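Presented below, as structure tokens, is a lone chain in the form predicted alone.
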């Protein structure tokens, strides 16, 4: 039998983007990783890419029974959960508020907000039943907020509401579980250079140069940079941090002056 490592991380939305970068980063930290995603084929491929003892599980985070089954499978494989990353999410519908579809609105809230709630609830039951370590810690959770948690993005009603709700839920759960030894924090990314962003750029549907100009650091984030913040908050290195929301946005939410006050974005050097 493969010798198990000491700690276990569960990552939702783990087949691509920030979730995949985070799963890789936890594996580098020596954690056993349970990768969860809607796509069974994709998440199994990612788990195989990481190799043993990591596992991939298909999971619809909006389904209570699906979440229960996934966490049961994680416990069957590893016997413990030390950290949860609630990363699963979908894009918002486009178009003016007056023509938006309520079913699409509900779907965005279900994946982001209901999904975070159901996963946190199921994992908390495991953590609360666990024996605390020598410091009294039982585990940690990191939720994915966004710059949309705190600023206005025109027409992105469902996404903004969901991400603001995640921040509120993060603070509520952190306060509830702090003395039980469970820390709950959130990261709030800005624009991240994912495959979806690359495709939108290719289609001309996203002004990536405008985004880079508006961002004080002058570029989008790489998914690995968001993963670094997630793993820090989820690890023992952040042992005295709970209920916090960490912006990882290149200075986007800190910047309040006219865009013209920023220096031009430097063009990348030619190879």
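Residue numbers count along the first chain shown, from 1. What you see is a predicted model; the values in this text were computed from it and never measured.
Only in words, not in the display: the form predicted in complex with a small molecule, which the text now covers.
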- Query: Does the small molecule come within 4.5 Å of any heavy atom of residue 182 in the predicted complex?
  - Reply: no
- With heavy atoms only and a cut-off of 4.5 Å, decide whether residue 250 touches the small molecule in the predicted complex. no
- According to a 4.5 angstroms non-hydrogen atom cut-off, is residue 107 in contact with the small molecule in the predicted complex? yes
- Give a yes/no on whether residue 60 approaches the small molecule to within 4.5 Å in the predicted complex, heavy atoms considered. yes
- Query: Thinking of the small molecule in the predicted complex, which stretch from 71-79, 121-129, 89-97, 173-181 has heavy atoms inside 4.5 Å of it?
  - Reply: 89-97
- Since exactly one of 229, 27, 245, 38 fits, which has a heavy atom within 4.5 Å of the small molecule in the predicted complex? 38
- Query: Of 113, 137, 192, 167, which one comes within 4.5 Å of the small molecule in the predicted complex, counting heavy atoms only?
  - Reply: 192
- May I ask whether 10, 50 and 55 each come within 4.5 Å of the small molecule in the predicted complex, counting any non-hydrogen atom? no
